[in-house]
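The chain below stands alone and is given in structure tokens; this is the form predicted on its own.
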């Protein structure tokens, strides 16, 4: 699977995600932390991962406050700018615990990287990466031997250093008092990175945790975001291969950050897995199919869309079928051109071509329940809410509005009448 079972939640670890920046260099439709990253917003992805490691807080500005739903949210006082000002505001209102600070624009940062930083010795621990090519914008880690002397912006130190600053910083409980001593710089901002010099002056230990660049690259522009989107797929495809699944052409399969895949799954090319997808052993995914928020054990596709729900082992969802908030039981078949919404399809039932579950009346969505061994004829419309009993048979071409008992044969269409040949005029 795609998650790391060794990750252990630390009740005493606080994590602060910094999402109050103005995104002034990001020429997108919204703040960069609200940008969709393979189906999920960057900030939501970070929150989900951080929640697996410790107790997560998020620092926001007034522009993104309402857009982020989180019960431990802090609106930064914009009279004081900078990462240091944000952490000062957090520390002034929270109990003292070890604090891991994470920039809100690191969509590739995962739980393993967070935990690696928290497991590194030091009163202050700096998450670093090897300086990548063409990364002039990253802050420099100034070293004296194995000792971290300072973190400086690239504009003040043009020469590249061995390590670049990722913005991920761990501050142990005993070093939190240094936060209040951070001062405004010449630009009027308070930088959290200045805590390194304060720690050195106080005789505290500053450690570094070296992280893989493909986990800690950030973005400031749309072009940089596009590069990270491609890099993410490389990361996730590598993990998918390790799952033991079979991919006919994995370069044409697209994953989300939380896709879970079991051994024995088969995936054909040109498929997309959005957030919340679990592919269980025995699933067979045919080409050009799209998934989100679902658990799949059966055969799906080609050209199918599973928006949410479950597809059980031995069931078949075929070409041009859309399933939304519905469960398809073992052995059930929906093989052609159908829409199934807010429904439960029982074991071994067969839903014919062109069937539509009419679940929305313009105001409310209602449920449909189809029992076991039911035959729904082609081009039928089921007007929800409706219940169909086991082994019922619905004739083709009907508009069904009333419940159907088990074993019943239902017809819901006008009788055909042939009026004779048309007369010439």
Ligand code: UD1
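Positions refer to the first chain, counted from 1. Because the structure is predicted, anything quoted here is derived from the model rather than measured.
Separately, the form predicted together with this ligand exists; it is not shown, and the next lines address it.
Asker: Heavy atoms, 4.5 Å, this ligand in the predicted complex: which of 347-355, 320-328, 165-173, 91-99 makes the cut? Say which one.
Answerer: Going by heavy atoms within 4.5 Å, the stretch is 165-173.
Asker: Taking this ligand as it sits in the predicted complex, is residue 104 in contact with it (heavy atom to heavy atom, 4.5 Å or less)?
Answerer: Heavy-atom contact with this ligand at 4.5 Å: present for residue 104.
Asker: Find out whether any non-hydrogen atom of residue 153 is located within 4.5 angstroms of this ligand in the predicted complex, and reply yes or no.
Answerer: Judged by the heavy-atom cut-off of 4.5 Å, residue 153 is in contact with this ligand in the predicted complex.
Asker: May I ask you to state whether residue 25 is within 4.5 Å of this ligand in the predicted complex, using heavy atom distances?
Answerer: Judged by the heavy-atom cut-off of 4.5 Å, residue 25 is in contact with this ligand in the predicted complex.
Asker: Do residue 15 and this ligand share at least one heavy atom pair within 4.5 Å in the predicted complex?
Answerer: Output for residue 15 is no: heavy atoms all beyond 4.5 Å of this ligand.
Asker: Work out which of 303, 254, 213, 191 lies within 4.5 Å of this ligand in the predicted complex, going by heavy atoms.
Answerer: Selected option: 191.
Asker: I need to confirm a contact call. Of 343, 124, 148, 86, which residue comes within 4.5 Å of this ligand in the predicted complex, counting heavy atoms only?
Answerer: When this ligand is considered in the predicted complex, the option within 4.5 Å is 86.
Asker: Can you name the residues of 74-101 that have a heavy atom within 4.5 Å of this ligand in the predicted complex?
Answerer: Counting only heavy atoms within 4.5 Å of this ligand in the predicted complex, the contacting residues of 74-101 are 76, 81, 82, 83, 86.
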